[in-house]
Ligand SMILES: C[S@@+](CC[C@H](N)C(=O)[O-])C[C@H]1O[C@@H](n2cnc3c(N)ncnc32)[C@H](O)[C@@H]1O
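Only one chain comes next, encoded as structure tokens, the form predicted alone.
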């Protein structure tokens, strides 16, 4: 039986699970933020904008402060909600990220630059919007992923900036809001992709995987999928909706699952642009999908990174989810880098066929 959905409590009292950055321990940037708190006197209201499992929010709550926490990963929200329930702080809905207006005395933010410049700038703009005049933002990030450049840029609209801590390539800095002209908020990107003789108009929010293009892995997969017309299709880990959107255009009855709330919103915008009726769920793998839902065609391009770490837990649960939801005589198609060992777990579902090996990727298929 899969242990993917089991939640673990850490020594500090916060919760975590597979798929959360730093699963099994504290995310290093989050841990450094915690170490730095001793340098600050904090009062009033606090917002943890990138809360993970809630370790920072828990510490602030233990200090008797009014605390709110926000996450856009459904996986992390599961753990964060348990931490909040035991500690008594508030968990904001992901959509509230757009409604933060000068409510907090202090905001905390981890810059995850692996998802691109636009997302980093988006979070800095949201931290600026969330803090009161004179408020502060405690921000952590990786020196080798542009932290000092982003921090210097943030100083131009916050007004005051100070590096508080340097440790093993990580940095923690403090921004103070002494200027009040808000930075320009990064906008969603619109673009068109083409596959299977079809065109899909797309829109993606900052940080969404492969925004602006059809990534090579998805292109290879689309070249080798069977026709989706009249089939019940499940796209697990749908990104901005490239696979699911094209298959919906082809006539499939499509459901798309995404852990990332920005991706869910991007899919909704893509569907609207193309007048498509497909279903999208904010879901930790298949946690939001009905247990008895069955599909004729299941497609996936599984993630194998959690932050900068290569971790296959999420990808292996994609395969388990496909097993749970595959209809009789249905098919699963998976695309992956050549070196990823998915043949064995797929073999537990049926006979595995290597359909293609092209441009650094392989397409594997299983029939029920």
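All values reported here derive from a predicted model rather than from experimental measurement. Numbering follows the first chain given and starts at 1.
Omitted from view is the form predicted in complex with the named molecule, to which the following refers.
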Study note, to complete from the structure: Within 4.5 Å of the named molecule in the predicted complex, heavy atom basis, the matching stretch of 95 to 103, 145 to 153, 269 to 277, 234 to 242 is 234 to 242
Review point. So which of 285, 202, 139, 254 gets a non-hydrogen atom within 4.5 Å of the named molecule in the predicted complex?
Key: 285
Exercise for review: Taking 4.5 Å between heavy atoms as the contact cutoff, choose which of 301, 68, 30, 50 touches the named molecule in the predicted complex.
Suggested key: 301
Exercise for review: Evaluate residue 265 for contact with the named molecule in the predicted complex, applying a 4.5 angstroms cut-off between non-hydrogen atoms, and reply yes or no.
Suggested key: no
Practice item. Evaluate residue 122 for contact with the named molecule in the predicted complex, applying a 4.5 angstroms cut-off between non-hydrogen atoms, and reply yes or no. Key: no
Exercise for review: Report yes if any heavy atom of residue 209 sits within 4.5 Å of a heavy atom of the named molecule in the predicted complex; otherwise report no.
Suggested key: yes
Point to revise | Touches the named molecule in the predicted complex: residue 361 (any heavy atom, 4.5 Å) | key: no
Practice item. Tell me whether 14, 59 and 131, taken together, all sit within 4.5 Å of the named molecule in the predicted complex, counting heavy atoms only. Key: no
